[in-house]
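As structure tokens, one chain now follows by itself in the form predicted alone.
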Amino acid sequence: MSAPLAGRRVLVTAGPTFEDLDPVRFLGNRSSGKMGFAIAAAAQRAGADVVLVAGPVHLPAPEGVQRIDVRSAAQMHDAVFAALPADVYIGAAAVADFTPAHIASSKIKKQPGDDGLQLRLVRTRDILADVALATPRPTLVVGFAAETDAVDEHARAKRIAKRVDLIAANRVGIDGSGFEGDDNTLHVHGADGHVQLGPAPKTEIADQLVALIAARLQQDPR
């Protein structure tokens, strides 16, 4: 059985993050974690030592994969850096870009005469960009981009801005397409161009992405 990632340590993030507003409510997104979990499983089958940092999802841990459960973007950032160093980082999680500036200690109640609620949000720490600048840096840093439009254009810009090696982008819709289903299409961008993976089941796309990553590691075997 081929094990192109034997001896490699692969760190994967998956799922959403939940940013608490109060003890009852949170800000979240539609990410199911299926793509990231499939990637972790594929990397393990390819012989890697895999650590999976998972947001709040209801999926079983892939066999042979070390799973670390987190809830918020801040917790995911801490867990990722605690799990480094790694040969490959694959940021498949849909991490919140913003979090409430203040978490209420009790449930936020409607008040007589209220016509709305204003929330102050602050930026979360950028896990992908921080990993790309880490010392030692993973040999390959792979990010994901969920886009509603101009998928390739946004992916190319994100790869350059974050200083990462590959960006795997997909189109998502308000109906949950691209997040909650079992199929996907990835547009994988690197400095040397891009390839399309799928449309296909996420398990197949994960195997294709891991094969692409293994091939790149052979070109740069640090």
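We number the residues from 1 along the sequence you see. Everything quoted here is computed from the prediction, not taken from an experiment.
FYI, the form predicted in complex with a small molecule isn't displayed, but the following is about it.
You can rule out all but one of 61 to 69, 47 to 55, 32 to 40, 188 to 196: in the predicted complex, only 32 to 40 has residues with a heavy atom within 4.5 Å of the small molecule. Taking the partner from elsewhere, residue 146 is found to have a heavy atom lying within 4.5 Å of the small molecule in the predicted complex. The small molecule in the predicted complex comes within 4.5 Å of no heavy atom belonging to residue 107. Interface residue remark: residue 139 is not counted as part of the site for the small molecule in the predicted complex, having no heavy atom within 4.5 Å. In the predicted complex, the small molecule sits beyond 4.5 Å of every heavy atom of residue 153. Highlighted residues 88, 132 and 207: none comes within 4.5 Å of the small molecule in the predicted complex, counting any heavy atom.
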